[in-house]
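In structure tokens, one chain follows: the form predicted on its own.
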């Protein structure tokens, strides 16, 4: 007889990030809205984008759609690993020209955004592998591990260590790292990342490095890719995405990089890359070819300039929000090179108390920090990915909150 997946069933009942946000955060927002119909709401909870697609991307999408509408130029299935031109563009225009590292196109696999890649990549590894995630963390890392029924270890991120964890003290096999970090917005230094790379090489562990927000980094002395760290090509898989810096949250295009030099216990050079090719061909045949043509355009010289303007827009939002919060005495963590602000609750309030007080006093909606892990207690995450006028109005509303703290 058929039986249910117990690991999946264990996540039902407000135990996932999406359930918590939509069933608890937004339920409280709706209660507030009903009681205060004339009041403004400033949604800074989700990491959804607000800026339109770059013009170069729109033109490429229209051109690709027109080709699909003509029998003479119609194409069907794309290469299962991704459009070769897109893989080449990521290799050349992203890694080599922007980051300064050499990644072969064959080491890049196109995905439908980062979300599925960061969870599904665990299928490369044995079921008993121990997974380490930051606490607080992007929930998909933890939830994907629980769904796979793998052992889970937390890497403590607190005010004391600037929300950048120390290397594991116990033996772990898979380490999830995310910088610039979601939710805290902090960025790791070369030295901090070198410690994790050294650990992974010593213990034949693998780092899964979420670099989705790396295009927001403006400091030349800050790593934007794990592959800038010596030895990382031997122990790290990197996940990238067009979602935030090219407004692809609706188009869904990302990638994961699996170097040929990545080797773990009982594998040889290139084996993990080949295994992922097999898995890719069985379970995923790539995102829509139209969307991939748009991604190619985003990496063109014109597209890059237009994407730069989008990132600059969001970073200015970050500056405005942080400035407003700090002007009324609230402590903010995270880098100015990130679209997230990690703000400490006032007067020793819990995360949910602070969420409610900020909502009722200003109309600002964030996500309680403890949703991201126990070390998020007493904090709130705000997103700067909204419209500028909304951000400006939200900052103005903080004046009323200042009188209460």
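Residue numbers count along the first chain shown, from 1. Keep in mind the model is a prediction, meaning the values are calculated, not measured.
There is also a form predicted together with a small molecule; it is not shown, and the following applies to it.
Chemist: Based on heavy atom distances of 4.5 Å or less, which listed stretch (78 to 86, 314 to 322, 114 to 122, 299 to 307) is in contact with the small molecule in the predicted complex?
Modeler: Among the listed stretches, the partner-contacting one is 114 to 122.
Chemist: Does any heavy atom of residue 213 come within 4.5 Å of a heavy atom of the small molecule in the predicted complex?
Modeler: Flag for residue 213 set to yes.
Chemist: If we define contact as a non-hydrogen atom of the residue within 4.5 angstroms of the partner, is residue 257 a contact of the small molecule in the predicted complex?
Modeler: It does not: once the small molecule is placed as it appears in the predicted complex, residue 257 has no heavy atom within 4.5 Å of it.
Chemist: Does at least one non-hydrogen atom of residue 178 fall within 4.5 angstroms of the small molecule in the predicted complex?
Modeler: Yes - in the predicted complex, heavy atoms of residue 178 and the small molecule come within 4.5 Å of each other.
Chemist: Consider residue 134 of the chain shown here, and say whether it contacts the small molecule in the predicted complex, taking contact as heavy atoms within 4.5 Å.
Modeler: No - in the predicted complex, heavy atoms of residue 134 and the small molecule never come within 4.5 Å of each other.
Chemist: With the small molecule left out of view, choose which of 91, 243, 225, 192 has a non-hydrogen atom within 4.5 angstroms of it in the predicted complex.
Modeler: If I apply the 4.5 Å criterion carefully, the residue I get is 243.
Chemist: Heavy atom within 4.5 Å of the small molecule in the predicted complex: which of 201, 252, 98, 279?
Modeler: Spelling it out, the residue with a heavy atom inside the cut-off is 252.
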